[in-house]
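As structure tokens, one chain now follows by itself in the form predicted alone.
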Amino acid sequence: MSKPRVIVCPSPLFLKTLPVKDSIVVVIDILRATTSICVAFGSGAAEIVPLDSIEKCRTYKEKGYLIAGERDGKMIEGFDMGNSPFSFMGEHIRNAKIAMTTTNGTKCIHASRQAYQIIIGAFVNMTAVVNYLRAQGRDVILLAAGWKDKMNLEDTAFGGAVALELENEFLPTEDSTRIAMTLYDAMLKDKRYFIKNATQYEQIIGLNIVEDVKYCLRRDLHEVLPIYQNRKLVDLLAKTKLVNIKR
């Protein structure tokens, strides 16, 4: 029996060239959408509806949802939250329903809707992602959201990190996967170098989100596995924990 494949897609622009329909797509937007989604579920959020426009997101306010979003890294006027992981901590998140729109991450979820399955990945839930993918034994596409369709360091490096974890059970295919694996291996030696040389570094300084970045690069802070079902994200592990409690 042949091994399932793992592919790092370094930009949403390349998604159409890959076998999306039969694959689990892991959407990756480390700074900061997928990290914040994981934090929200770690804080007990009930669901998150990812949306591709500001206008659609605003309509959910009337339905009792908290609305969260950013454009170009800045919180949208009139929204309850922006995109900082620290905004998704606290009692106001517990059992909350959240509608969310971001420059890159939520758009990638919509772009992946033909996939067999969509899950959310970040360093803060990396082990949960890896364990789930191993258990499924299906082809995997690690989709780096990047920045406005351009490749970036942090999302590609995370894809490489997951591919490295899976390489004994999965077959890394496409040169982009090997490049991402090499990038992550190099990043382990000096994370600060990579962040300071990232295209977004000046934006990070300008937005005063250095602490956000530090948080987003930490591993396994949240045992959650956000999965896209019925046009919304829910925490698959929360359901599993509930079943175990009932037993």
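In this text, residue numbers run from 1 along the sequence as written. Computed from a predicted structure; not experimentally measured.
Beyond the structure shown, there is the form predicted in complex with another copy of the chain, which is absent from this document and is the topic of what follows.
With another copy of the chain left out of view, the stretch that reaches within 4.5 Å of it through heavy atoms in the model of the complex is, among 85-93, 170-178, 128-136, 69-77, 170-178. Though the partner is left out of this view, residue 156 does reach within 4.5 Å of another copy of the chain in the model of the complex, counting heavy atoms only. In the model of the complex, at least one heavy atom of residue 182 sits within 4.5 Å of a heavy atom of another copy of the chain. Not displayed here, another copy of the chain is kept clear of residue 210 by more than 4.5 Å at the level of heavy atoms in the model of the complex. For residue 16, a non-hydrogen atom is located within 4.5 Å of another copy of the chain in the model of the complex, even though that partner is not displayed. Shown here without its partner, the chain carries 149, 186 and 197, all of which come within 4.5 Å of another copy of the chain in the model of the complex through at least one heavy atom.
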